[in-house]
Structure formats: C-alpha cells, structure tokens
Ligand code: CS2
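First comes one chain, alone, set out as structure tokens in the form predicted on its own.
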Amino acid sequence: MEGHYSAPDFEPETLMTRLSATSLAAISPDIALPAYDRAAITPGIVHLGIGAFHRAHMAVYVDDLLKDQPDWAIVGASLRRPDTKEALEPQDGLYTVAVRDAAGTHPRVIGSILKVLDANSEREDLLALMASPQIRIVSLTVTEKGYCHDPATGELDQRHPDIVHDLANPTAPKSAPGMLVEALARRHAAGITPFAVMSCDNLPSNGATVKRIVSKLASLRDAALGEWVADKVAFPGTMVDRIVPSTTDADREIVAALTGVEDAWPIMTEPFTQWVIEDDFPDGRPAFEKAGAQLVEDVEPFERMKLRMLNGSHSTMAYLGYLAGHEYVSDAMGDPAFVALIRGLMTEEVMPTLDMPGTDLGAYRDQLLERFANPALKHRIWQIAMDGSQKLPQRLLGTIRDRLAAGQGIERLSLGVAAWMRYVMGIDEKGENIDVRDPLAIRMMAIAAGAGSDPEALFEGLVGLAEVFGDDLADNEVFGADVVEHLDSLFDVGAAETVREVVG
C-alpha cells in the first residue's frame, strides 16, 4: 500500500455524462452502485488526507456498512492540495473503484464520502465539524511525513515549520497533529466526549506513536489539555493493506468505457484488501468486522509483519528496480533475480524477526510475491520510492537493528539501504536526473554531490542523518561494511548485476 497519488488532469474529449447523483441511472446495469439512500446517510467520521489509498480501502469498508448503519458516512479533508475536492465535488462525492487483475477490470461506484473539505480554504468548517458530537472517529492517511515527527525516534519534531506555526497559531493549524489538537481542545472546552483518532498510515505502533505526538503537541499548548488527551482520547492502532497505484488518463478512459460515465478520479486497485484494527472506540464505531476487517486486542504484530515484509520488500524493490530501469513493480518481478532477492529477503532476514503464533508467514510471503507480480496492476516504482527518508526507519532499519542485535546477517536488507543511498544522489545509471521526492531531498543531494562516486564518503554523509538512522547505526561496523560493499557494487556494475550477484 502506498498513500501517494497524482493530481487529475483528465479532460474528457467526449460529451459523456459526468458521474454524479443524478447520473447514476445512466451507469451500465452490471456495475455495482451504493446499496443505500445517500440522502439518508449522515457523517460519523472525518478523514484527514483523503487520497487514493483511503478511497480504495477504508471508504470501501464503510460503503459496505452504510445500508445498516447510515450514521457513519465520511467527510474527507485535503490538507495540502484541493485536487480531490475539485475532482469529487462535481460528482457529489461519488467515484469509481476499479479492481484490476488478470481477468480484467471490475468497477464499482462508492458513495460513502459525503463531501471533501479543503483544509486551507475551509479550515474553520473542518474544525467545527471535527468538534461536533456527531463525529466519533477522525481517521488519517497523511503519509509518514504528515505527522511532523522524527522517524528515527517517533517523537514530535518541535522544530518542524508546521508545528512552530501551529503553536503560534493554535486555532488556525496547518498540520494534521495541529488539526487534531485544536478540534480536541474545542471538544474539551465544550464538555464533549473526544473522538477516537485512528491512523491508517505506515507508522510503527501507529496508534501509540500518534498518541505520543498529539499528546505532546497538546501539552506544549496547555498542560491540562495534554493530560486530558493522554488520559481520555483513544488512539486505536491499525494495519492496512491494499496496493493502490496512481491513476492515469488511460485508467480514466477504461473506467468511462466500462461504466458509461466520466469519472475525473477513479481509483485503480488490486483484489486483495486487509484491515486489522485495535478495538478501542469509546464513543462507538461502525461494525467494521461485518465488512471483513479483523478486530483485535493488539495490532502491533500484524503491523510489524506488514511493514517489514510488504513495505520493506517494496522499498528494496523500488530503489533497485528504478536503478535497473524498471518502471513498474510487475516489471521488476519479471526478472527471476529480483524474485529471488525479494523471496530471500522475506524468508531469510525478515521472517525470523517476527513473532506471529498462528500466522503462516510462508503463505503470507507467497501471497505478497503473487500480488507484486500482478501484471494488470501498473504500480509505478517511482511512486513507491517517494519519501524514503521517512519510510526507511520502519521498513528496513528496525529489522536491521533486530538482526544485528542477534548477531545475524543483513546482506539483503543492507542492499535495500545502499540502493536508497544510490537513488537519492539524484542521478541514475545513465547519467539522467532522478526526480527525488523527499522532505530531505535537498540535504541528501548536497551530501551526495560532495561524496561523488566514493561509496564510503556517500555512506558516511547519509548515515549522519540522525533523523533517519538515529545515533547507533552510524557506528555499527557490520552495517557500515555491508552497505559500503553494496554501494561499491552499485557504482561498479549497476543495480541489475548487483542483484544477480547477491542472489547467486
């Protein structure tokens, strides 16, 4: 699963009807439509960061439940750009989810999102809604960087520009944590039960991590508020999983042909979906289990399994695959050496770090390999490669630390780190520029420019980013030796040959 998405720039050349509440009757009769009266549903959830992943995942689960629980609809909020609002507002919040596999593309119209608010131009409307008693859950998919934290420690980054702004302007926040704190402060002042805060992002221990971040920000604003947030607000942890590529204009044309209406921003995804949720919702929740979610007491083992096996494999494949000239994940998985590398990464280095009684990790691994190889799912490697400085700590470095502490090898894991270091130099193996999208991109490319093609200098420069690597890995001789050796190979023979050499 990846939370990034591309802005819609599709302008229909035909006079085909646009998807909306009034055009549902024009949709092809074999297309599934909302099974409830949308005029009768009311919001119970506000979702911050309403990108492609949320619309392919949580919004679909909620859509399945609204017929029997009509007071749990969603109001979404775009925190950075109004793209989603602009696409969905003319469509009355309706959009198409198209499930794609080898058998074809299977669309369905989703109606669980009542509207989308732009947090920049409609901030007060958003905060007022979050502060109202009818909202009992605020969920988030704002990506790792949206929490304004230090990925290496999981603590609030008090120097983050948005946090500095929010502390100076608490009633007009910019950040997701700032939005949560201001809305909770209003509820606290009014004596209203707090909503549950449910992160659906790839953070380690996401419930506990977000609680720590939000409680700290609240305490910096007001000690009593911070204590109330820490004591009274529920932060259920989650593990979410569904692969959601960026939507292309070709995808829009396919969906239009299948449905008979134009959709400015349909969502393409895979058949597989998974949601594991810690059952901690003091003010109530939808019956998520009736839509296929798994409610558990402790979500962390599932979260760790997914972060290390799926996301760790994805990141390793993304950096090596990009350098090797692959555009899509399925392209990389068409190379037997890449398949062997990723299978070995999961089997030999990741799975031994996981304690999952009753879970068949080998079956999960095989399922992941099959999903990665899905040729119908055009999942761009460049999309996965974004924001690596925010992703590496939980996807690869945690596993590396566990194995180093146990005296175990990290050959494949360290190759993923080396490939990231080579990628963030911003120049590919053909000498062409790489569009590195990362909050630390400028700093990293400056380090790389100073290091040139010297593996040791590049490693020493980048491992000094304490917000990524902490203070321990820079001094670990085994880690340093492995990464530098892989970097030397990446410079010498390139990514494709390095992968072949590692797998033998």
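Remember, it's a predicted structure, so these values are computed and weren't measured experimentally. In case it trips you up, residue 1 is the first one in the sequence shown, and so on.
What comes next is about the form predicted in complex with the named molecule, which is not displayed.
K.L.:
For the ligand-free chain shown, place the named molecule by superposition of the C-alphas around its site using the coordinates in the model of the complex, and mark the site blocked if 3 or more ligand atoms sit within 2.4 Å of backbone or C-beta atoms, otherwise open.
P.N.:
Judged by the transferred pose of the named molecule in the model of the complex, this form is blocked (3 or more ligand atoms within 2.4 Å of backbone or C-beta).
K.L.:
With the partner removed from view, which of 187-195, 419-427, 306-314, 219-227 is the stretch that lies within 4.5 Å of the named molecule in the model of the complex, judged by heavy atom distances?
P.N.:
Correct option: 306-314.
K.L.:
Which listed residue (Thr84, Ser112, Asn202, Thr399) meets the criterion of a heavy atom within 4.5 Å of the named molecule in the model of the complex?
P.N.:
Flagged contact: Asn202.
K.L.:
Given that the named molecule is left out here, which of Gln383, Thr269, Thr143, Gln91 has a heavy atom within 4.5 Å of it in the model of the complex?
P.N.:
When the named molecule is considered in the model of the complex, the option within 4.5 Å is Gln383.
K.L.:
Could you tell me if Arg100 has a non-hydrogen atom within 4.5 Å of the named molecule in the model of the complex?
P.N.:
No, no contact at 4.5 Å.
K.L.:
Consider Ile243 of the chain shown here, and say whether it contacts the named molecule in the model of the complex, taking contact as heavy atoms within 4.5 Å.
P.N.:
Ile243: yes, in contact with the named molecule in the model of the complex.
K.L.:
With a cut-off of 4.5 Å between heavy atoms, is His149 one of the residues that contacts the named molecule in the model of the complex?
P.N.:
Residue-level check for His149: no, no contact with the named molecule.
K.L.:
Although the named molecule is absent from this view, report whether Arg412 comes within 4.5 Å of it in the model of the complex, heavy atoms only.
P.N.:
No, Arg412 is distant from the partner.
K.L.:
May I ask you to list the residues of 372-401 that have any heavy atom within 4.5 angstroms of the named molecule in the model of the complex, in sequence order?
P.N.:
Residues within 4.5 Å: His379, Gln383, Ile384, Lys391, Arg395.
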